[in-house]
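Heads up, the chain below is alone and in the form predicted on its own; it's given as structure tokens.
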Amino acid sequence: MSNETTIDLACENISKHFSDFTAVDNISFTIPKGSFFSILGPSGCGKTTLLRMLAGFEQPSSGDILIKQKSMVDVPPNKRPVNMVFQHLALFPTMNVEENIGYGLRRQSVPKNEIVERVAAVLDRVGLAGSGTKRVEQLSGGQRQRIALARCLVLNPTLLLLDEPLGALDLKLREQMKIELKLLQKEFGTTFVYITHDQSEALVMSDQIAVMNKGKFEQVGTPHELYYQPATAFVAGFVGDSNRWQGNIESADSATVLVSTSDGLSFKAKIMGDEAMSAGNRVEIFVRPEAISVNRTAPSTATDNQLVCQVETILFDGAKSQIIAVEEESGGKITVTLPQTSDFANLQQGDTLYLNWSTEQTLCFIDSSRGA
């Protein structure tokens, strides 16, 4: 037997044009069986168009879509081994829970006794055993979400496509459902293709994430890779929180640059991306707020990047609290994570802070919006 990974989905040079607008631009990728694969990007980047092509609701202008190594081009949606969960769950209000889940099985003319068994089994697996006779309006938002998933998963699809399914939920329920979705995907072993503009959803749940921008994939990688090793300035700015500055390179060697920013700050940074960099290039710098060490007193040892700042604003949000600080001489601003220690419990506007961080945490990309 071959020990090669089974590929559930392969897209080969997929494009979609609407008149003179290109929504999806020559994308190729594969998804292994049993993966949680997310497509993350801003509104209008093409991710929903791509999902609709996978489902069969749109036909690609060029390229091929293969599910289990079989081309799906010209295969209608109801003939594909695919199911889809939308943001608006579209449960049938006139049917109870069992009838909603069994709807697709009845459409497939599955024997009644088998439908009863499969519905009961899937209800148990989504944690709603004994809820089969309930009406849809009796369910909470999270329970409805699980019923919508169960209705698809009971059909044993090769792919489950999810189009921003948590978007209509309140914040606390959305946080809870992120964990539930990840656990359900592992429980069923079904390949999930998940569309979202919410980076937190993608980072928490996914095995692999494709970051999409203007019809193309900027980078495909694990959440860890996208967060710590972004391939482009767009990924660095879109995934996670970052301080972001534009500036010019003062000097450069093979791996690092010294950059002066437009608001008068100066940083030593790590060269990122594929383009060569030299003195005079226009660049963008990214530093994550949590990468910056924050102290009340001057550190005893020097680091690559150091600033003495005053607190301008405290953005209190519990463990996610941040400080906006202003550098003494230039007036340049920087956002840092508020340390969760007693030293900072009484931090006030105007207090002095000593900030320091490494070159390794200071990512430099050529500024493609302005050119070199």
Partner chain sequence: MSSLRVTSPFKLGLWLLLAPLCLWLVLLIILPHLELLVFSFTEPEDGSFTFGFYQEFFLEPLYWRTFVRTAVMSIMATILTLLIAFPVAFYIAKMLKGRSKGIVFAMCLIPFWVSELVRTFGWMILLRESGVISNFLQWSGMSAGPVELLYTDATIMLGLVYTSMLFMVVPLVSTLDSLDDSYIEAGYDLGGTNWNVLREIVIPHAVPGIVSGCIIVFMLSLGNYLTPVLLGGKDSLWFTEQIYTQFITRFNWEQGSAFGLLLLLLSSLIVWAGLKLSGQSFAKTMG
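If you superpose the two forms and keep the largest set of C-alpha atoms that fall within 1.5 Å, you have the rigid core. Only a predicted model underlies this, so the values are computations on that prediction, with no experimental measurement involved. Numbering follows the first chain given and starts at 1.
Keep in mind that the form predicted together with its partner chain is missing from the display, and what follows is about it.
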Subject >> Candidate site I179, H197 and Y228: all three near its partner chain in the predicted complex by heavy atom within 4.5 Å >> reply: no
Original post:
What is the one choice in P77, G127, P289, G237 with a heavy atom within 4.5 Å of its partner chain in the predicted complex?
Top reply: P77
**OP:** Name the single residue among G280, P93, G264, P111 that comes within 4.5 Å of its partner chain in the predicted complex, judging by heavy atoms.
**Re:** P93
Original post:
With a 4.5 Å heavy atom cut-off, would you call N83 a contact of its partner chain in the predicted complex?
Top reply: yes
Original post:
Would G142 sit within 4.5 Å of its partner chain in the predicted complex, counting heavy atoms only?
Top reply: no
Original post:
Within a 4.5 Å heavy atom cut-off, is F188 in contact with its partner chain in the predicted complex?
Top reply: no
**OP:** Answer yes if any heavy atom of A55 is within 4.5 Å of a heavy atom of its partner chain in the predicted complex; otherwise answer no.
**Re:** yes
Original post:
Which single stretch, out of 148-156, 114-122, 166-174, 211-219, brings residue heavy atoms within 4.5 Å of its partner chain in the predicted complex?
Top reply: 148-156
Original post:
What are the residues of 99-128, in order along the chain, with a heavy atom within 4.5 Å of its partner chain in the predicted complex?
Top reply: Y103, G104, R106, R107
Original post:
With both forms fit on the core, is the shift of the CA atom of N295 between the shown form and the other one 2 Å or larger?
Top reply: no
Original post:
When you overlay the rigid core, is the Cα of L162 off by 2 Å or more between the shown form and the other one?
Top reply: no
**OP:** Note yes or no: does the Cα of L173 move by 2 Å or more between the shown form and the other one after the core is superposed?
**Re:** no
